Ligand SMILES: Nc1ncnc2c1ncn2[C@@H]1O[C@H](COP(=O)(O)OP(=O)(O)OP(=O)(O)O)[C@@H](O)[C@H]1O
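There is one chain below, alone, in structure tokens, taken in the form predicted alone.
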């Protein structure tokens, strides 16, 4: 399954320039781990980092202008870092699978002369087979909607100078025969508010772009709210839990229909992991909906999802995500500890880790938290600390950067306890 090894954000809210993991030009850095948690005090930028992933996904699905306004973001000027005039930029360094050559995606969003956000630059790069050093070769280059794309699995050409790029674009556009033109298509996008990967990724002749598009489309970002999960949606199976969890019954219906035997096993496993729950099953209503029934220890009659506590519903939803027969490649959860008993957090973190690092290669899990009990289950290389810098913008470091912290964890001291005791505070 595809994994993000590095992520860089520039000029997005509190994240003036933040890098996690390895980039194509920073091979000395360790990649992001399958299970990653970001910790820090209130107001340091954890929500901004979480929303950076959500914003990218929204850009692909809705276009950059709508993404700037979605989820209460307030438009481009509200998401651009205060006092900055440059574009909002993202860089993703990822692998399609363990042995694949890494691919870098670069995106730059700016304002046009009319004050509307548009895609200023877009690029996909990959090193050639056997190439371990030097710049990756671009197989998609777009500058204000114009550029080139290389067909199939061809490696592309190495262009970094903007004038060189535009000269080649003009030559190809005019039909001048060049060596590159045999495998190159000229691209001129009509709508500069749509990502190039959204358009080209739907074409069969661009498999690498299609794979990257599917990767981002598959991201799952959880804005789970228990009240939404208590709703009774209309009957109809749905494959994936919605961001708010308001289709929990539909997902249960889908799993029971498509994986009936496995579904019973899933419910049994989840019931064993939720304290106080003896059994979970379903009841079908006359209009075809499935109701979740929780058999609580000590009671003969079951409770329905509408009667269950916030914490029980939240744990059930998270564990159901982890048991998905075709899980998303990447899912992001903000503060999963909200509403949960503190002694449950360490086991929940362990469930996330086991899923992300298991032999079957589950989803990559990205979590923001401010709960030491959750962090106790993690290793120093899985935890990043966000802090406010002297200029008011976020700075990020890995817990494993502290030799003392690594040694103390090796001696058996829990990482969350060290954080609580200020061993992870640079100041």
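Since this is a predicted model, take the numbers as computed values, not measurements. Numbering follows the first chain given and starts at 1.
There is another form of the same protein, the form predicted together with the named molecule; it is not shown, and what comes next is about it.
Between the options 281, 335, 191, 227, the residue in contact with the named molecule in the predicted complex by a heavy atom within 4.5 angstroms is 335. Of the listed positions (82, 264, 144, 101), a single one reaches within 4.5 angstroms of the named molecule by any non-hydrogen atom in the predicted complex, namely 82. In the predicted complex, the named molecule lies within 4.5 Å of some heavy atom of residue 41. Contact annotation: residue 22 falls outside 4.5 Å of the named molecule in the predicted complex, judged by heavy atom distances. Although the partner is absent here, residue 402 is not a contact residue: none of its heavy atoms lies within 4.5 angstroms of the named molecule in the predicted complex. The closest heavy atom approach of residue 14 to the named molecule in the predicted complex falls within 4.5 Å. Using a 4.5 Å heavy atom cutoff, none of 55, 87 and 120 lies near the named molecule in the predicted complex. Figure note: of the listed segments 44 to 52, 29 to 37, 375 to 383, 59 to 67, the one touching the named molecule in the predicted complex, with heavy atoms no more than 4.5 Å away, is 44 to 52.
For the stretch 370 to 398, the set of residues having any non-hydrogen atom within 4.5 angstroms of the named molecule in the predicted complex comprises 370, 388, 393, in sequence order.
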